[in-house]
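In structure tokens, one chain follows: the form predicted on its own.
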Amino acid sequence: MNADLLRSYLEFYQDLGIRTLYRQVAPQAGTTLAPVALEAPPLPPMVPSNDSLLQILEDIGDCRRCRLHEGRTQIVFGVGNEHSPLVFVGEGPGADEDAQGIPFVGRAGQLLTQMIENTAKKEGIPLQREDVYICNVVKCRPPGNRTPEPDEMEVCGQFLYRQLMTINPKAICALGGTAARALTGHKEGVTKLRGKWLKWKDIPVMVTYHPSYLLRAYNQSAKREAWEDLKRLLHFVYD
């Protein structure tokens, strides 16, 4: 493998959040085999040339690459305008999404729709939910809506990476801490990251609260902050 190709692979895996790769070292003659390091699992392929959302969905297939497939009803890939300059990325499907195969269709999804459309209307921006693209870090519902495990996010991360590369939006909105960590690698909580411009590759990322968090009665101040985040995001993308 030449140096340029190796560099491309390493940058690709770094963008997926993989920080360490291991290689198995052959033991010297006359020594016993010692566990120098764990051998890395099979690595995901590079992004194909002329990639498309349809090709990515076909490559996912009836995915059984991680344990999340065991309890899902169907894969929840993504929805919206595949040429949108704005992509929203959440954590993972819930019960309603798992049943319908569409991200953000439950109570949290209804709130997200209101946030997008009402904020756009107030700011004089002609925008509906179907004009943006919405997807999640993981494509199968975690049991009991738990937070996805790192290995599950790593497996699904290759498909999120390809989705974002294919759409190539002007900006990305990370909804909640899980999406923020998956996209930016930052470990801080949402309260510290929200409202800030971060980066996924060279694309600006705005972090804000997940709509499910905003549904809780005691989070009224967070709801106001999320609307301010969205206002800044929409003006950045559409002005």
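Note that residue numbering follows the sequence shown and begins at 1. Since the model is a prediction, treat every value here as computed from it, not as a measurement.
Missing here is the form predicted together with a small molecule; even so, the following discussion is about that form.
Between 157-165, 102-110, 67-75, 120-128, the stretch whose residues reach within 4.5 angstroms of the small molecule in the predicted bound form through a non-hydrogen atom is 102-110. Glu152 falls outside the set of residues with a heavy atom inside 4.5 Å of the small molecule in the predicted bound form. For Arg194, no non-hydrogen atom is located within 4.5 Å of the small molecule in the predicted bound form, even though that partner is not displayed. Using a 4.5 angstroms threshold between heavy atoms, His210 counts as touching the small molecule in the predicted bound form. Among residues of the shown chain, Gly94 is one whose heavy atoms approach the small molecule to within 4.5 Å in the predicted bound form.
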